[in-house]
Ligand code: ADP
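Given as structure tokens, the chain that follows is alone and in the form predicted on its own.
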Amino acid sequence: MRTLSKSMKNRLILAVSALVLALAALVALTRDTSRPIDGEAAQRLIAESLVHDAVVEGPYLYFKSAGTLYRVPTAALDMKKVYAQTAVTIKEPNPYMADLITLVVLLALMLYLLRWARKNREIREQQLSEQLQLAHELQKPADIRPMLSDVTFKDVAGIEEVKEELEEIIDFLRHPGKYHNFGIRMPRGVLLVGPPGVGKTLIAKAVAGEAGVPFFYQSGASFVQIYVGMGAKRVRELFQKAKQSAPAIVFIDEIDAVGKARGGMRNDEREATLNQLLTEMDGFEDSSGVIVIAATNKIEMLDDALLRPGRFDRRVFVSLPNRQERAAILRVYLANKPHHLDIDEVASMTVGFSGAALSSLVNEAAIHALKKGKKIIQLEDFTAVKDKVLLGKRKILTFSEEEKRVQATYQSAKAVTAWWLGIEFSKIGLLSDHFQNAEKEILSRSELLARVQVMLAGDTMLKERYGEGFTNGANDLKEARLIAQEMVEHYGMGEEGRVDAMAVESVLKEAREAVAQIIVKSREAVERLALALLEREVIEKEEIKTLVDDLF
């Protein structure tokens, strides 16, 4: 038997409720509201001519007295005296009234049920139509076509480290036989991780352009379909076409749209699509010649199955460009535009701009110059439109000179503390740091506490220097608390083995007191590093050692 839909159940409940209300109203209208009175009292009132509107209806005599309606059984009265003493109307009951009311109610219910049945039929017909449409869509092959990219690394500036990591992929796509003969299996997938606007899609196109192979572009959101099965079908056909065109690159932008971690909030269509993607990547043969490049700015949201070995083996982190990289990007965008300006100065004033933001800035500056009737772009044009670009792109981060000093001090305190405690990192930047997670399976309490100290170092330094905290430490403070909670709740490293909020606070207090001592001893080193960071924005670890080694 077909199960009623929720809307059908609601309509049925509404119909029954309406019927009950109608019957209740009918009962209320026909309810006898007169007051009963005994025969002796009624006879006395009639004898004293205190009654009027007397009516015999069925077994009762109804009459009014002093504004009140009374009823008395005719059997309790001497009806001959009643007729003699007052005017009485005899009202014959309608023998068909009850039948008429029942007929009206049944007719109304029948009409509603007929309408309900018709609506239910229409819904079933619509569902059948949708199922037929889905069957048709599932049978129809998707129009997936590759494109040949004309973008090369010459067109992409400011990503030198990223280029180095992708050179092997390009060489493999150009000369797969060389690697197969040596028994090398290249990564099946490359995951580009970075904030919006840093050029992840452009990098993937440049890889395809350098290798000279077909490029299949798909957005993660395009796999998320209305009908269950459509997303998985699209993934299957995409990889089938890619294998037919091998060597080739499949690029999935915003993979987090389909690759989110599976959990309590189920989405059958998204799970089916993700499972198909995992199956296709597992089904790659070493000689397939297809490499999947995916991009995301939310790697923490991806399902663990996507990140395990054998799928996205290689992860390339694309960060916001530093000053030198911004200058290189600006030169590319200004190459075909008449200008007369110091590009390094523009790079200095665009801290936190992504490649996309720099592109917008150059374009807006050119428009501004044209509006002013100029023939060349000048520095004042960039200054004039910088705020416009910032307001139009809320995710762009920019600092005033004072904010740069605060941020440089904050980052320098973290770097010096990490160097002091032996926490591995490759470099420190004005906008980012590169602290490496420990690869050891077993960590000591002191090692975990050292990481908490690094997360608290910047905030501790700012409070010591400025006498107050700043908002730039929010993420690090959150990370410090998460590590402290893990120490207490998962590893039993709280005070006396306690597992509660007080134990977490005790760990944070211990770490803050320890890092405060480090800050006092290394304040001169922090200030020296901050000055260098203000000037250069990014400093390698070895350079940090050279800068501060003589102070310890």
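Start at 1 with the first residue shown and count on from there. As the structure is a computational prediction, the values presented were derived from the model and not from experiment.
In what follows, reference is made to the form predicted in complex with this ligand, a form of this protein that is not presented.
*Asks:* Pick the stretch from 457 to 465, 376 to 384, 298 to 306, 157 to 165 whose residues have a heavy atom within 4.5 Å of this ligand in the model of the complex.
*Replies:* So the stretch in question is 157 to 165.
*Asks:* Could you check which residue among N363, T201, S219, Q324 gets a heavy atom within 4.5 Å of this ligand in the model of the complex?
*Replies:* Partner contact (heavy atom, 4.5 Å) among the options: T201.
*Asks:* Can you pick the one in F399, W116, Y333, Y179 that has a heavy atom within 4.5 Å of this ligand in the model of the complex?
*Replies:* Spelling it out, the residue with a heavy atom inside the cut-off is Y333.
*Asks:* Does G259 make contact with this ligand in the model of the complex, using a 4.5 Å heavy atom cut-off?
*Replies:* Answer no; every heavy atom of G259 is more than 4.5 Å from this ligand in the model of the complex.
*Asks:* Taking heavy atoms and a 4.5 Å cut-off, does I329 contact this ligand in the model of the complex?
*Replies:* Flag for I329 set to yes.
*Asks:* Answer with yes or no whether A356 is in contact with this ligand in the model of the complex, where contact means some heavy atom within 4.5 Å.
*Replies:* Yes.
*Asks:* Would you please decide whether P196 lies within 4.5 angstroms of this ligand in the model of the complex, comparing each non-hydrogen atom pair?
*Replies:* Although this ligand is absent here, P196 would touch it in the model of the complex, with heavy atoms inside 4.5 Å.
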